[in-house]
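What follows is a single chain, given as structure tokens, in the form predicted alone.
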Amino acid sequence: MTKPTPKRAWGQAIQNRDEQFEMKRQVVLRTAARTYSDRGFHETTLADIADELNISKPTLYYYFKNKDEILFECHRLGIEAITDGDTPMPPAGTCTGRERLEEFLRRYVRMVLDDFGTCLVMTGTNALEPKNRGRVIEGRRKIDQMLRDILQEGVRDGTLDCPDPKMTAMFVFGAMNWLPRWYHHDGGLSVDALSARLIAFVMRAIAADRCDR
């Protein structure tokens, strides 16, 4: 005799109200991030975002208070993809500085080409209200320091030749933060392939075993 399926299985398969709310909130955020990146923050209204979602403007207020809150959340999610990801960066001492740098670069490229990371780069911090601006700037500083620490570790363990980690970090961030301005996901180069090329480019410059020319 076939054992009946427990009744609770149907209930478990259906998202509860909180889960539905969060999913819809994430859709709003991603749509807003793309719209801000394409049109600019100041040029985008809540009505524009509502039109993209095919919902009424008042519906947006169920999820967010205003444009600034939406922008801040987009920035926060971009930053936390690096600083508080589901899979943390390998801690210092578990691998070489060079290996940690390669992993950091892979993660940063993925982040900056995601909707939230692109919004973080394309809109900047000036559009945010002062309180939120300070929180985002602090998060960006944390990422900057993370890269500098990795570079310094590579110098100490001999896997990187990087006399000025601060200047090197500025050059590397400059290259990566420019990616959203020219990269297209529907082009012939995948994000993974792009990451590999960026890593090779950086290592030709600062890897301890590079071929000097």
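Small disclaimer: the values here were computed from a predicted structure and weren't measured. Heads up: residue numbers just count along the shown sequence, starting at 1.
Keep in mind the form predicted in complex with the DNA is missing from the figure; the text below concerns it.
Checking Asn177, Thr45, Gln152, Gln26 against the DNA in the predicted complex, a heavy atom within 4.5 Å turns up for just one residue: Thr45. The shortest heavy atom separation between Gly40 and the DNA in the predicted complex exceeds 4.5 Å. Contact check for Ile55: a non-hydrogen atom falls within 4.5 Å of the DNA in the predicted complex.
Within this chain, Arg17 lines the site of the DNA in the predicted complex, having a heavy atom no more than 4.5 Å away. Although the partner is absent here, Tyr63 sits close enough that one of its heavy atoms falls within 4.5 Å of the DNA in the predicted complex. Stretch-level contact analysis of 158-166, 144-152, 45-53, 183-191 against the DNA in the predicted complex, using heavy atoms and a 4.5 Å limit, identifies 45-53. Relative to the DNA in the predicted complex, residues Asn126, Arg140 and Phe173 are all farther than 4.5 Å at every heavy atom.
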